[in-house]
Structures are given as structure tokens and as C-alpha cells.
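Single chain ahead, written as C-alpha cells, the form predicted alone.
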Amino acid sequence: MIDAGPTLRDFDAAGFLRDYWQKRPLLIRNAFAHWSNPLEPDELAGLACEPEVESRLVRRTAPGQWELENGPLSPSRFGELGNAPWTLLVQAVDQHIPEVAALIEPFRFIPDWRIDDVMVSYASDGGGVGPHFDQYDVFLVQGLGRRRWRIGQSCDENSPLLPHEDLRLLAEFETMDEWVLEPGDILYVPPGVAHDGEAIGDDCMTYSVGFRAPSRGDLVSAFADHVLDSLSEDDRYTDPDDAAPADPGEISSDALARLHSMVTGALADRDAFSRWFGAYITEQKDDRVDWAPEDPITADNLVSARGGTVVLERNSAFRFAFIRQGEDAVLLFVGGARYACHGAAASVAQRICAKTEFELENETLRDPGVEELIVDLINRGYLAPD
């Protein structure tokens, strides 16, 4: 059974969204009712050695100078780092460690589709990645040890950067606030706000719960590519009723209107955009791990396995979301796959998205639509019976 994970202590989500979300930083001291570091440093180092895990090693070789090394790393690499301050960063640890995935739960007052992943960093004394800004919201949870955070000015694409091939580090940093975070403290940093963290002592671990903020360019490009795949070569410009032009060199306003409609009309279908976006935003970033069970189950297996109910757990490697299609229907999206659900299956789809672990009763499982949905989700590795 999945651990419910930490819960925020006396946190006013509505007040936070009103006063701080995407507006200004917030330090939350002793934020959790009960805090326990969910991952050991050796486990994080082990993940950084795996080829299917994205990891980086940042070393500060001199004041104001950093080197970046991309993983996977050799296990012997950590014994060769010497005295220079260094930081190990591992992306999407929540997809591999359920206890880290549980860190997302306290922040679900933000819609699930906005949550990106949990990056975990480990730093030696003085380690950090340099002054920078992100284009997304982030909650920085101090897990182990202590880290000094400096908060700086607001930045944008015109902010000057240091010359570096791999790291986007700010050339200028104006300290506005400074705090030392202890285990269980949280620092929220909005998009565009400069920040710089430095470990105080060894064994400093920070969990960065990051949020997606698709750019307009990314959305237009990705949706346009999707639409292009559906267009026919025979769908071409026509003008069967045109009269002879007064000036052959002119592109007429009527022609421009028809041409513009061809482009915008292809992109204007809201239902098509909804179906595409749900798959796009839940799509797996890295499909190098096959989560499907070795032995697929059948409906009979599911029936025989349950006593009064069956307990199911969501795979933390996947994102789940749904879009309502009316009073009794939803589109369920998991890992980029789309399921049209009606009636009892629609209700179950919403329960799947609401909880990382849930129970289904005999009567519900007897519904053919529910049975088909659950069997397919299990056989794809999206769900697992407990």
C-alpha cells in the first residue's frame, strides 16, 4: 500500500494562490506535519548511474565558474570529485521512487496537469548550480542538511547571462532576500525570479517540485504538427467562382480570407485540440522503461483475484488527467493514451485521477466498460493491483 506521504501543516492554499502563486516568493518554515527524508543519498547516486535516468553533475571549479557533466555517471565517479564543491541533480525521481512521488500530493491544490516532476539534488559543502532563474514555478523542499537560498531580481529573456555552453547562469544577481533552509522547510519561487542555493555542510538534499508552463511557441508547434499529420494532400486552395482580376499582380482580400481560413480553420477545432492536449500533456517524457507486466491479466484474473474489492495503485511514472465530455462521459488520458469513458467507466476514470490508490467494488467491476478499462490500464503498466 502506498504511503500517503507528508501533509502540509496549517497551510492556506486559497491564500497562497491569491497572494503568492506566480507573484512573489514564499518561505514556509517547518511546513510538514511530520517530515522524513524519503530518499537516501546513496539511492540517488545509484539512480544517476542508470542510463534511463536523466542526471547532471555540476562542479564549481573556481569562484563564478561551473562545469557540467551529463549522466549516466560511473559509480566510481563520486570518489574522484576531490574537494571542489559539487551538486548532483537527478530529474523525474518521482517516476522511479514512490516515496518521492508522494511529495507531489501536498501540492495538488495546483491541477495535476501542471505538475512536471520532482528533481532531487545532493550537494557537498558549498555546492550549488549558480545564480539562475526558471520559467516555471517550483517548490524547493529541504530534505536533508541545510542550504542557503538567495532570492534576487525578476528576470526575462533579456537578462544578461554568463558565457557558458551548457548552463544558463545570470551575469548579474541582486540579493533581495536570504534564508537558510532546514529539513522540512519549503521555499516557493515563481517563474522569472532569480535564485541561488548553496549547501551549508555535506549531505544536503533538496527536492524540487516543478510545474509545467508550456510556451505559446511549443503549443502552436506541437499542435500544428499533430494537425499536419491528419491533413490530406487533396485538401487544397480553390476559387471556382473568381472573376478576372482588375490587377493580376494583386493578392485580393477574398483570396487572403480563403487562405487564412484554411490555416486557422484547421487549428480552430476545440474538440480536436482537447483530445490532442490531454495526450500531449500526459505523454511520457522517456519511454525507455517498459512498465507492462510480464504476464498480462484477463478479466477472469481480475475477478478471481478480488475478494470483496480490488485495491489498485497508480504507477507514479505516468501522469493521469481527464476532460469532461458531458454529464456522463469523460476522456481519460494516461501516459499519452486516450480512453473514451461513459457511465460507470467515466466515474471510475475520475476516481483514478483523484487518488494514487483506490478501491473498486464488485458491483463496479462487473460493468463491462469498467472491466475493459481496468484490464487495459493494468496490462499497459499504468495501474497495478495491490
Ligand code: SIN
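These figures come from a predicted structure and were not determined experimentally. In case it trips you up, residue 1 is the first one in the sequence shown, and so on.
In what follows, reference is made to the form predicted together with this ligand, a form of this protein that is not presented.
J.: Taking Arg314, Leu332 and Thr356 together, does each of them reach this ligand in the predicted complex with some heavy atom inside 4.5 Å?
T.: No, the candidate spot makes no contact with this ligand.
J.: Evaluate Met119 for contact with this ligand in the predicted complex, applying a 4.5 angstroms cut-off between non-hydrogen atoms, and reply yes or no.
T.: Because a heavy atom of Met119 falls inside 4.5 Å of this ligand in the predicted complex, the answer is yes.
J.: Under a 4.5 Å heavy atom criterion, is Leu140 part of the interface with this ligand in the predicted complex?
T.: Although this ligand is absent here, Leu140 would touch it in the predicted complex, with heavy atoms inside 4.5 Å.
J.: Answer for Trp149 alone: is it within 4.5 Å of this ligand in the predicted complex, judged on heavy atom distances?
T.: Taking the distances in the predicted complex, the answer for Trp149 is yes, it comes within 4.5 Å of this ligand.
J.: Check whether Leu169 has any heavy atom within 4.5 Å of a heavy atom of this ligand in the predicted complex, and answer yes or no.
T.: Leu169: no contact with this ligand in the predicted complex.
J.: Of 292-300, 100-108, 273-281, 131-139, which is the one stretch near this ligand in the predicted complex, taking non-hydrogen atoms within 4.5 angstroms as near?
T.: Among the listed stretches, the partner-contacting one is 131-139.
J.: Which of these residues, Cys155, Leu89, Leu73, Val310, gets a heavy atom within 4.5 Å of this ligand in the predicted complex?
T.: Filtering the options by heavy-atom distance leaves Leu89.
J.: Taking this ligand as it sits in the predicted complex, which residues of 317-353 have a non-hydrogen atom within 4.5 Å of it? Please list them.
T.: Stretch hits: zero.
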